[in-house]
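The chain below stands alone and is given in C-alpha cells; this is the form predicted alone.
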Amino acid sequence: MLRWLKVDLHIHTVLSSCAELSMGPKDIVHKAVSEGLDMIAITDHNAADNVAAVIGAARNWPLTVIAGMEVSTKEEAHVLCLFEDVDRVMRFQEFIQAGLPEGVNDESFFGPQIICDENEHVLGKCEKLLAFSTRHPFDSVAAKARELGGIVIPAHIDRKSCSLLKAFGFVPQNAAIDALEIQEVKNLETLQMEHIKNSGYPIVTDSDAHDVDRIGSRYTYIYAAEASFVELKAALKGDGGRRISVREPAQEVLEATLYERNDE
C-alpha cells in the first residue's frame, strides 16, 4: 500500500569541515526521528566515510538512511548523488577523490574532517581537501553515478553560488538528472525560477543540515510503499502511482484533484 513518507535527502556529518560537531551519527538519527522523518540521506562533501556509521546508528530506529555524497564538480556546481548501498557509494568515492586537488586539509582554517563509528567514537580524520571542487565535470560525475545505479540531484539550484544554474546559466535538458533540489519552495513561484518549473524534472527540497537543529527544517514527501532507495527512485520517476511533493500531502492532493477537474 502506498503512503506519504517524509524525507530529508541532504544532511552532512562531522566529516564535512563546515559541519558542527553536533553532527555525529547518533545525534543525527535521534533528531531525524524526533522530526518525524522516515528517511534521510547522508551527503558529506566529496566523501562518504561516515555513511556506514549513520546507517549503523539507525539500526534500531524507524529510520532509513540512504548512502550519498554531495559532489562539487569542476564547474563548482554541487550535486547530490545517492546510492542503494554503502559499497556503491564507496566505489563512487574512489572516482571522486581521484579528482581532488593534491594537498592536506588545513584544519585550523577549514575545520576538522572527522571519521567516526556508529557510537561516535573518533576513528580518524580525512586529510584530503574535501572542501574543494574535483576535476570531474558535471557530465562525468552524473555518468559515473548512473553507472553505479545512483540518483543524481543538482543541489540548491536556487542559490546564487555552488549551483548548477549558477555554473551553466540554465538547466540542461535531457541530462542524467533525476530531480532538482531547491532551498525555498517559494522560489518556484518567482519569475526567475520559471526555467526550473518548466524543466520537466521533479523538484525536491531538503535541509542541507550542517548542524543538528537544522535536520528536518526542510523536507520532501514521497508517496511510496516504503522508505527505501528503490521506492525513492520509483517516486522520482512517477512509477506505479508513486510521486513526490514539496507541499503538504493534503494540499498536494487537493491541487491534483482541482487540476483533474479542470482538465475534464
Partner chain sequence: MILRDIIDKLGLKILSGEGSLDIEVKVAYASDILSDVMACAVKGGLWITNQNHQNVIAIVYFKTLAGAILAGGMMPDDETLAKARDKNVPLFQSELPAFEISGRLYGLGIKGSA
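Residue numbers count along the first chain shown, from 1. Predicted, not measured: the structure shown is a model, and the values here were computed from it.
As for the form predicted together with its partner chain, it is not shown, yet the points below apply to it.
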Answer for K74 alone: is it within 4.5 Å of its partner chain in the predicted bound form, judged on heavy atom distances?
-> yes
Tell me, yes or no, whether S108 is in contact with its partner chain in the predicted bound form, where a contact means a heavy atom of each within 4.5 Å.
-> yes
Its partner chain contact in the predicted bound form: P101, any heavy atom under 4.5 Å | yes
Non-hydrogen atom contact S161 with its partner chain in the predicted bound form at 4.5 angstroms | yes
Tell me which of 173 to 181, 117 to 125, 130 to 138, 90 to 98 has residues with heavy atoms within 4.5 angstroms of its partner chain in the predicted bound form?
-> 130 to 138
